[in-house]
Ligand SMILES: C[S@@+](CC[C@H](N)C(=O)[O-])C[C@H]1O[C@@H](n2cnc3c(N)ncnc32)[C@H](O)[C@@H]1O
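Take a look at this single chain in structure tokens; it is the form predicted on its own.
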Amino acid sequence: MSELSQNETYTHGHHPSVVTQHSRRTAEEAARFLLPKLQPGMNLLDVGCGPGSITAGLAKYVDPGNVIGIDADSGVLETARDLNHGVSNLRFAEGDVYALPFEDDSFDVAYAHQLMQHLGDPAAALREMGRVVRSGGFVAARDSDYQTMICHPRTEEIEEWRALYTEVVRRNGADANAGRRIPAWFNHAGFNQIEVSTTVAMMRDSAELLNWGDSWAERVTNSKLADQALAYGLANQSDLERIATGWRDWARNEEALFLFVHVEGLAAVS
């Protein structure tokens, strides 16, 4: 996603540091709560698919069913097509989560990963996802909660980063602490049969920590997040460089550990 609708902005943007990080995601990790519901022959929609690594993973579980990944950003869709061109039951298309370009009852499953935290009206998005899913199918969404992010050793720079990111998202009309609101948003969307689960992401391996810390250092100085922080007057370039240095130093600390909570919602469509 980039521009989610006329009045919404995707906080991360699609700087290479963002797309590379998002390309590491897998269906086995990001959609573990959904996988037991998938069966061969199902048709699945992945909303806000980004570079499509999760989408391609899901395609394996429903083959020979068809999978469509949609995103509002044409550039990241080209990346998704390039990275996943060998998956025969998968295609990508441009689309708006509030007005999906599909008829009612077109899919067995509609899924969104880390999308609701960027939306001004997540309940409306979930309702629209439910519209295109047939009776007996499923709507699934998973989002992180930035307030649950814990780093050890604690650093002022990473605490400042979290506060800065949270405020940028708020200025964009969304909620970085989306995870805790997943059940309420499903309820507001009109779903009655909802399964709610949580998973904890933890990084302790040195390679994981270096990837995570260096990625955020790059993103906080060069991605759309940086542009928005500067435009909103929430930080200056010196502040961003200091936060980036804090991320890099922390990631190289032999005691470093990072963890946070994801909340998953899975609703049966009646």
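Since we're looking at a predicted model, the values are computed, not measured. Note that residue numbering follows the sequence shown and begins at 1.
A second form of this protein, the form predicted in complex with the ligand, is not displayed here; the remarks below concern that form.
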Though the ligand is not shown, can you say which of I54, I243, L45, L225 has a heavy atom within 4.5 Å of it in the model of the complex? I54
So which of D96, D121, D145, D108 reaches within 4.5 angstroms of the ligand in the model of the complex, heavy atom to heavy atom? D96
Interface membership of H262, the ligand in the model of the complex, 4.5 Å heavy atom rule: no
Quick one: is G50 in contact with the ligand in the model of the complex, heavy atoms, 4.5 Å cut-off? yes
Mark V133 yes when one of its heavy atoms lies within 4.5 Å of a heavy atom of the ligand in the model of the complex, and no otherwise. no
Examine D175 and determine whether its closest non-hydrogen atom to the ligand in the model of the complex is within 4.5 angstroms. no
Answer range among 196-204, 179-187, 73-81, 149-157 for contact with the ligand, defined in the model of the complex as heavy atoms within 4.5 Å: 73-81
